[in-house]
Ligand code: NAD
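Just the one chain here, the form predicted on its own, laid out as structure tokens.
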Amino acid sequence: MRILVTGGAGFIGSHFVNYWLKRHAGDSVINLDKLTYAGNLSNLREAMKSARHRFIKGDITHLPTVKRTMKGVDTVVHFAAETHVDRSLLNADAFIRTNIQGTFTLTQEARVAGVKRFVHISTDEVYGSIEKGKTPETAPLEPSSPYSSSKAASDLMALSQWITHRFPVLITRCTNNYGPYQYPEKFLPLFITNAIDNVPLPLYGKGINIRNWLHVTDHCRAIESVVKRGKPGQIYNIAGDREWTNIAVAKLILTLMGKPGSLIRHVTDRPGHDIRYAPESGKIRRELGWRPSVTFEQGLKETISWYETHQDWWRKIKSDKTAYQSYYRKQYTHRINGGKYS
């Protein structure tokens, strides 16, 4: 099989590329990534050694590039997206362009090229916040941020290809991922790397927001099951087995690292911060036989160890004055100092 992975130099995408090459010796992988601030070829050192992996630097909204790349492809796994909620609050333009226009371009050209299966990677955030119970795949979409709104729109754009043309689109909606190679603006790597340096961990509000966490390798396994056995036109929620408040996670990180709780710094909450996501993942477990294998406690220990032993990887990112430092100062420093969101 010839599989096209978009966004394959990002956090989850690069894990999936490496996972697929190891698990499917007869397949080749085309990796299309624009290499924005979050794309990193060092995530793909092993894949780059393989003759079955081909990297193409390109934009999923650029029609000629997509046309050329799609030739001869059997399956598309579409990760490429702008994903950070806080960045979408500061400037949503890139989210609209990449997540909506990019998905439209990819699905259109994949259909024309005769692709046999198109797996669109989405997020549980499209459902919006829920106080009690679980959110099934049939729940209405109630996104609350420019990021989640753009992902909801991309989901509907992809599904329209199935409804209108019976083009075999499948959608996955996963909970928060974590693991090695996650860009250090995200919650877990930000807190872990800050704790390593004994600098404040900026926790939004009271830290009572609730999330479900899934190790990235378990997510790759779930996507594999959808690629292999999922039904076209279907949506599959993917979730771990436990929920955690953000403050509980922050305290667990510090405990595992032997750091004082005083490093937690409560900062001004972000606008429209969803309280709880809780996708119901029984469908993928019943129909495709997937379930998570890594407990959060064990996965977090291993993730902390990785950031402790791979400081060259994240220190290079954090020292980047344009991609990381300017954003971090704008987003967090004023909050630590009691400023307002701007």
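Numbering starts at 1 and follows the sequence shown. The shown structure was predicted, so the numbers you read here are calculated from the model rather than taken from an experiment.
One more form of this protein, predicted in complex with ligand NAD, exists but is not displayed; see below.
- From the list 111-119, 156-164, 129-137, 178-186, the contact stretch for ligand NAD in the predicted complex under a 4.5 Å heavy atom rule is 178-186.
- When ligand NAD is considered in the predicted complex, Val226 lies well away from it, no heavy atom lying within 4.5 Å.
- Taking the partner from elsewhere, Pro279 is found to have every heavy atom lying beyond 4.5 Å of ligand NAD in the predicted complex.
- At a distance threshold of 4.5 angstroms between non-hydrogen atoms, Val169 is out of contact with ligand NAD in the predicted complex.
- Cys174 belongs to the set of residues with a heavy atom inside 4.5 Å of ligand NAD in the predicted complex.
- With the partner omitted here, the residue from Ser28, Thr36, Ser305, Ser42 that has a non-hydrogen atom within 4.5 angstroms of ligand NAD in the predicted complex is Thr36.
- Of the candidates Ser88, Thr98, Thr107, Ser149, Thr98 is the one whose heavy atoms come within 4.5 Å of ligand NAD in the predicted complex; the others do not.
- Shown here without ligand NAD, the chain has Phe79, Ala80, Ala81, Glu82, Thr83, Thr98 in 76-113 lying with a heavy atom within 4.5 Å of that partner in the predicted complex.
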